[in-house]
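Below, in structure tokens: the form predicted on its own, a single chain.
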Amino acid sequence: MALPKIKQDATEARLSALDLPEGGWSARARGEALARVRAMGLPGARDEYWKYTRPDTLVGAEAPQAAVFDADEMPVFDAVDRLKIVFVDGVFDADLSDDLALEGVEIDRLAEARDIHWAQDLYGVLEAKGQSPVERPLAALNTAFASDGLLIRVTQTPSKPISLVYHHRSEVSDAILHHVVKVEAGAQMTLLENGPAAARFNKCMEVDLADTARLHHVRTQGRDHERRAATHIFARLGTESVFKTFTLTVNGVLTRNEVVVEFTGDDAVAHVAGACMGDGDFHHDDTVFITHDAVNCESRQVFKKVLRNGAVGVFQGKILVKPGAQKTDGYQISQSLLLDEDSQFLAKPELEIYADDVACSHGSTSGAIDDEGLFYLRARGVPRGLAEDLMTIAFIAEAVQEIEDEGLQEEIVGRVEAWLARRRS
């Protein structure tokens, strides 16, 4: 079926503004991804999975401007002993990065990996699989045109986390990064991400977990940058593997985070969680699709959004249980705390189940700060502003507790407290 002309023209305009990397082991995957983009067309406001979020500024031929902002607080994760890898406006910066050598881990740059590489069996593969039953054209665009990124293979458990830091230095920057992470059997790693990255940012991460592998992923997105970002995580889980990801988003004009998880091995666990703090011109969209195709697997989706001054939050989450995926335990909760009457939370939770021995549930709520709880704190001498902040932190606690490392939990709560303090002043 041919694309509508308006969508075809918009897609070609975006493609013509990009340079397709040529040659090398990724050439075939890039060519196939480009064909997918042209067949699907870039997303428009009428597309079902974009009806709550306008994709215009994510797909336009020219990147919108975003002011460069210097934070006056300590950078995220700086207190953590980590291997730091820095990208500036989507380009690896060797001077700001640590030496990429780390015991138990192989790290290569996508832009420099030559000849036959282990990532050849993964690059674009999980993204392509994740296009069904829901099309994700921005992810295919990423696979085709990503100019940089990391290829990380974990063979043994490293002594410290790997930390990806993104800096935004140009008011007009259009960054496309693609990471591939492969964790071998029995190994585990913690992966950290933080920073605004670019004026417009398209990032894709493909994660392949072998049997008994574990990956813990924690990221923070921006502070007060006028960023527009679309991110995708595609994860494939083997037998008894564990994948846990948490994202804190603070401000930004438009953020769309998609997570696609597929259980292919029995007794695996996937937790996908997030919290966002939005004020004013803020639109935040979490879209999650989890496919259970194995026995006795557990998935959790926990999302909390705090919105004020007209901010908008979106959650679209689906659990698909295929025939034969017995003993599935699927849990999904999305909640918003609206700090005024101008903000809005739009939720679309879904369950699709084709097995009869499962325990799946979903729920979504939206509301204001509890008056009784507020009265309780104020009656004990807590000022109103501080009382509201304490209740806000308590509201997002369920999502933050999905982070296994208590030190990282404290780091995230500290960022939330700083956001709330700035709004009190």
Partner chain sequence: MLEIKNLHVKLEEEDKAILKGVDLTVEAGKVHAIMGPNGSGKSTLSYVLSGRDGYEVTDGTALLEGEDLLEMEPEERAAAGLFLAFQYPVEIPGVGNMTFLRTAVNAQRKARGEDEMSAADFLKVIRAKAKDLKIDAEMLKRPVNVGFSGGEKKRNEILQMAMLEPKMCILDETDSGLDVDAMKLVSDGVNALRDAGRGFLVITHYQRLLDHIKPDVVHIMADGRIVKTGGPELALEVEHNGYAGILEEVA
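Positions refer to the first chain, counted from 1. Fair warning: this is a prediction, and the values are worked out from it, not measured in the lab.
Just so it is clear, the following notes concern the form predicted in complex with the partner chain, a form of the same protein that is not shown.
In plain terms, the part of the chain that comes close to the partner chain in the predicted complex, with a heavy atom within 4.5 Å, is 371-379 out of 353-361, 26-34, 48-56, 371-379. No residue of the trio Ala10, Ala13 and Ala17 has any heavy atom within 4.5 Å of the partner chain in the predicted complex. The contact with the partner chain in the predicted complex, taken as any heavy atom within 4.5 Å, belongs to Leu386 out of Ala39, Ala61, Leu386, Ala67. When the partner chain is considered in the predicted complex, Glu22 lies well away from it, no heavy atom lying within 4.5 Å. In the predicted complex, the residues of 393-416 lying within 4.5 Å of the partner chain by at least one heavy atom are, in order, Ile393, Ala394, Ala397, Gln401, Glu406.
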